[in-house]
Structure formats: C-alpha cells, structure tokens
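Coming up is one lone chain in structure tokens, specifically the form predicted alone.
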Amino acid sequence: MKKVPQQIIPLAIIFIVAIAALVTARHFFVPETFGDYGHYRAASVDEIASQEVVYAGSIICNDCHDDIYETKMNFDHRGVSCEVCHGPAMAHTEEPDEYTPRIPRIRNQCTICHGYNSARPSGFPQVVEEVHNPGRPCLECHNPHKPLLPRAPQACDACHREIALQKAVSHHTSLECKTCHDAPPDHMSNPRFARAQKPTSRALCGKCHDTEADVSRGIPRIKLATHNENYLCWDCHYPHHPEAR
C-alpha cells in the first residue's frame, strides 16, 4: 500500500474543521426562510407588509390641493413627489386637521438637489450655498411649485455682466437696475455719451433701509438721519453685493 504523504493528514483535519465551522455558522446565522423564494429571506415580505404605511403618494394631494398640484405639474418640479419636500403624508390624508405636513423652510432641503456639485449636469440649476443669499430661506425668493428664476436676464446684463453676476447672488437680486440708476433712452444705443446716472443722495437707500420706511421688516434698517450722516451710503456699502444683513 502506497504511503499517504505526511502533510495530507493535517490539511485534511483543517479542511474538516473548516467545513464543520461553516455548517455550524450557517445553522445559527442564516434565517430559516432564506431561500424559499430564491436568494431572499421569505419572511421579510410579511415583515414589510406589516409596517405602517406613512407615504400616500402625490396623486391623492390633487384631491384637496388641485391648484398647487396643477401649477407644479406645469413646471420643472413636476417629477418631484410632494412628499419629497413635505414628508410622509398618509396621516395628513386621513386626518387633515390633526396632522399638517411640514413646509421646508431651511436651505438644506433645497440644496440636496441644487447645491453645487461638479458631477451634476451643467444645465441643472445649482448654487454655491455659502455665497447665494447666505442664511436666507430659499422660499423667500423662489416658489418651489413654480421654480422660475425670480428675475429674468435683463438688457443691462449684456454689457454689465460682471455686475449682473454679483447682483444675482446678492440681497438686491430682485431689484431692477432702474430702481437705482436713471438711464436716458439713448444709453442703450450710445452708452458712452448717454450715460446712466448713479444715485446722488442717501434718500434712495433710505426708502428701504430707514427705520421709518414702510417695507418688509426683514430688510436691514438704520436710522438714516444719524447713521454716518456725512457720507453717502455707497461710500461704505457696495450696493450690487451688500454685505449687511
């Protein structure tokens, strides 16, 4: 009889022990219903079915909010489910007065999709959160159901592009250029000789920023009569990108 090589015996022992360990581990760690329906745990189907239903789907929103639903379906957020922004709504559909869906008033909700990411398509609307109206809620300027830019490009932008880009991410983005600048009609065709005028008084800024101004309370205020009264406002503040808030 041919002699078995000496190293085969310890290798065989190790192999048998490993097989026994695997069988034992499978007995304790593999769920009982694993494999009943293929490479899945069959009991998970019943577990998932027993979970509480919290999402209602967007279509049911149309029953009560048809005006908003119709608006949303005509603009770029038509493919975004209502519950993406407002959270699970099943409880609201069953007891509307008891449960109210949240309204996202923080910037982090919108920047999940619209925060700048170089991997996103270049045509997708993106902002650099740190410089785009920092600290202000997106809802202040944008209607999420009708997500259009609050201000369409204007004729001034063609020649004053750098200023337009600065102003577009500032707190003054919604102001038209003619709010502050008086431009003669010929300025568009002969800008060197028909120049637009800059404001020459503090009163223009005071219309919005004086403590007595009749505008939104969210606008920064100063007492114009005593706030550096010997200087024009733009001696200290750059109006196309005002830093004060």
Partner chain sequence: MEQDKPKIQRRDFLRSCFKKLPVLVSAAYIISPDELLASASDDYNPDEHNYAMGISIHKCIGCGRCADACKTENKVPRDEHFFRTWIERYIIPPDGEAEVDSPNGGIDGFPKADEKKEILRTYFVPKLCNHCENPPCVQVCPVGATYTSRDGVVLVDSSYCVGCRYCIQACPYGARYLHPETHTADKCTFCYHRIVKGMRPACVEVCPTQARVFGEIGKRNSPLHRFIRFNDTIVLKQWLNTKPKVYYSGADGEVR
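Positions refer to the first chain, counted from 1. Computed from a predicted structure; not experimentally measured.
From this point on, the text means the form predicted together with its partner chain, which you will not see here.
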Worksheet item: Pick from 171-179, 137-145, 105-113, 157-165: which stretch has a heavy atom within 4.5 Å of its partner chain in the model of the complex?
Response: 105-113
Item to complete: Considering only heavy atoms, tell me if residue 39 and its partner chain come within 4.5 Å of each other in the model of the complex.
Response: yes
Worksheet item: Is there a heavy atom of residue 56 no more than 4.5 Å from a heavy atom of its partner chain in the model of the complex?
Response: yes
Discussion item. Residue 31 versus its partner chain, in the model of the complex: is there a non-hydrogen atom within 4.5 Å?
Written reply: yes
Discussion item. Whether residue 197 contacts its partner chain in the model of the complex should be assessed with a 4.5 Å heavy atom distance threshold; does it?
Written reply: no
Worksheet item: Among 44, 62, 190, 211, which has at least one heavy atom within 4.5 Å of its partner chain in the model of the complex?
Response: 44
Worksheet entry | The single option of 149, 73, 84, 131 touching its partner chain in the model of the complex, heavy atom within 4.5 Å | 84
